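Subsequent text provides structure tokens for two forms of one protein chain, presented individually as structure 1 and structure 2.
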Structure 1
Amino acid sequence: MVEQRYLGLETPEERLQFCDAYFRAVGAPCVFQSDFYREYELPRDVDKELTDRPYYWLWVEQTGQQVPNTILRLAFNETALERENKRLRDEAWQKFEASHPSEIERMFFRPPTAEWLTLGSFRLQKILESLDSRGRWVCAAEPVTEGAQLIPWLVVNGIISYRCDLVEQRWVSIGVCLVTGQTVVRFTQLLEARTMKPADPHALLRRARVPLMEALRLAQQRLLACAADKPGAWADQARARLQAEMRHVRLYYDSLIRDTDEQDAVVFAAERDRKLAELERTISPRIEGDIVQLGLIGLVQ
């Protein structure tokens, strides 16, 4: 099962489109591109989020150094990785040779290399963390034509997790009308065909009749209702697995306790209880809900 955060990023094509959109949004221009390969020039704030080198930036800022922007080189499949690493090596070596380097310089020469951006890679994790940080709150609205009015909505996007020894996750988007209090599930799907642009939250809230905290409470109630609509077979199956595992543990340790002296029996009993508690913690079914993004959205009436 693909983790929720990787949904829509399973293929190289999807990851390439995602990165183009992300770097365009954060103001990092693409300075070179080829088939399944991109080079992005990182502004300083983006560099700090993606490269994980705080001491370098501490040195730069304390010494007032003027350093060039980092070029992030990303390959989205193995073919592009091999092709572009060869190109980077050949170009760097040609330029290096033209400078008539010494033997010592030759020993320490290292050409730039590309990274393979795949599921679980360090760079993709950093990009997703940056996206989470930058996208926790959004405010947008449809362009308003003459005579039209904007209706403000609070959008609550969250993840419902059904956890036991397995994990299943659902993305839930709930909209709450700040004029009527109406709630709508799968709200982001309603926005896909609409043109949106950044908006002033104060202007949107002037038409609101439902307080934001009340709207958030309504959204949480709807989130709980969405969580409860999954059939309970998964939980029953998890409890059955838990009981079976606990029986095996008890049978094993009880046989050890019967066949040993009192001092060792105490040790085996403690180990049995620890394993039972661990099984309880990992297999017992539970439902968790996390709000990952809030938005204030204006829709034309």
Structure 2
Amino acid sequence: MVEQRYLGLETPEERLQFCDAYFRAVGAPCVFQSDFYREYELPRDVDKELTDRPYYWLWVEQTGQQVPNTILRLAFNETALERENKRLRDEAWQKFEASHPSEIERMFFRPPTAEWLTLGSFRLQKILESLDSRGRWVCAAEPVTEGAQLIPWLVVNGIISYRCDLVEQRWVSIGVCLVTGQTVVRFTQLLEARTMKPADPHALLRRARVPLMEALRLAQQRLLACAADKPGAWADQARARLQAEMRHVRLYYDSLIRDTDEQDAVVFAAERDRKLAELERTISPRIEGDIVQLGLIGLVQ
């Protein structure tokens, strides 16, 4: 169960708790732990998602190799990284020397090392990508006590992007009651305190009166209403900037075209049109709505 206090990934503590929860959820046991350091044993499917080595897996699977599971060694701060790397090095050399290696073997011996999991690191990026796919759908319900009934809700989590030559994004979570069609914003926040168990979608949908596609339409309507909350100044400013830039470009090329022969004028006109189109594409304000997660949730009435 993911504890509810996770708010982000900004601090080492948050990242450590996030990783513990992720690896527990994907069935990768923690085989060693110390202060700000973990070693997780990766099942093959998780290993494939977190490390880019398709040829290795092709070789393993084509030749029927029995390979041990990978141990992922993650340090969450620099102190842990240095401390654990030293421990790993010392332990590995001790074990290695005990096997009486040859000079050649000694030359090529490399002890294992830990990796530092930071925001923007390759491994965290892969974990997030893995979650984007594994966590985009859920069908769950609250445990039902005797006599209680479950109300089905469709959860639609999306990102609203306000785009011009800059971008600002907002997270919106909408719940649509599949019985009444009622919509609720910040829906996942409302679920934080509740316990959820896997549920049978057929059973949940039995009481639904609102078709799923209609529920999605209602959710998108509400998402748009949320998007419209932001004052329109950003869009007005972007449009003003676009007009000013376009005016400059037109004046510049018109003056070139005036002073040149017909053949060059055609070339300049084409260049002007291309630059105007580029400006339009870059600066024109627009809103993008991305649906990134869906869920069918049963809540006790």
Partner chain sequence: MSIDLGADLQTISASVPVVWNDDWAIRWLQAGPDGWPAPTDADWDLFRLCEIGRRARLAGSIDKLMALEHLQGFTPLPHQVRTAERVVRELRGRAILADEVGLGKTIEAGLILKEYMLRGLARKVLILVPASLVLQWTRELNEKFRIGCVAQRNEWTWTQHDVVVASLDTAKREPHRSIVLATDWDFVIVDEAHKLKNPKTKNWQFVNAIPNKFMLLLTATPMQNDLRELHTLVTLLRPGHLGSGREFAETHMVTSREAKDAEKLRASVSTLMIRNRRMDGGATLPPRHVQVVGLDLSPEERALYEAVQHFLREEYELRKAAHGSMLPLITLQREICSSPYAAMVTLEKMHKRTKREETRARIEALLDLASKIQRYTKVEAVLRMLRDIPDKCIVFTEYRATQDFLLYMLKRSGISAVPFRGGFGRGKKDWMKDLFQRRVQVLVATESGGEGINLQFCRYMINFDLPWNPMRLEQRIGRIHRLGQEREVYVYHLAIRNTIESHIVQLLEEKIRMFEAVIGELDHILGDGGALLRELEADILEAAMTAENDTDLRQRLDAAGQRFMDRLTQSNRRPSRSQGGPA
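What you see is a predicted model, and the numbers here were worked out from it, not measured in a lab. All residue numbers here follow the sequence of structure 1, with the first residue given the number 1. The term rigid core refers to the most C-alpha atoms you can superpose between the two forms while keeping them within 1.5 Å.
Peer 1: Between 1 and 2, where do we have the form predicted in complex with its partner chain?
Peer 2: Pick structure 2; the other is not the form predicted in complex with its partner chain.
Peer 1: Please check if residue 251 moves between the two structures, taking a CA shift of 2 Å or more relative to the superposed core as movement.
Peer 2: Where the cores coincide, residue 251 still shows a C-alpha shift between the two structures that is 2 Å or more.
Peer 1: Is residue 67 one of the residues whose Cα moves 2 Å or more between the two structures, with the core superposed?
Peer 2: No, residue 67 moves less than 2 Å.
Peer 1: Could you tell me whether the Cα atom of residue 164 shifts by at least 2 Å between the two structures after core superposition?
Peer 2: Yes, shifts by 2 Å or more.
Peer 1: Superpose the two forms on the rigid core and tell me the Cα shift of residue 235 between the two structures in angstrom.
Peer 2: Looking at the C-alpha of residue 235 between the two structures, the offset is 2.9 Å.
Peer 1: If the rigid core is lined up, how many Å does the C-alpha atom of residue 277 shift between the two structures?
Peer 2: Rounded to one decimal, the shift is 4.8 Å.
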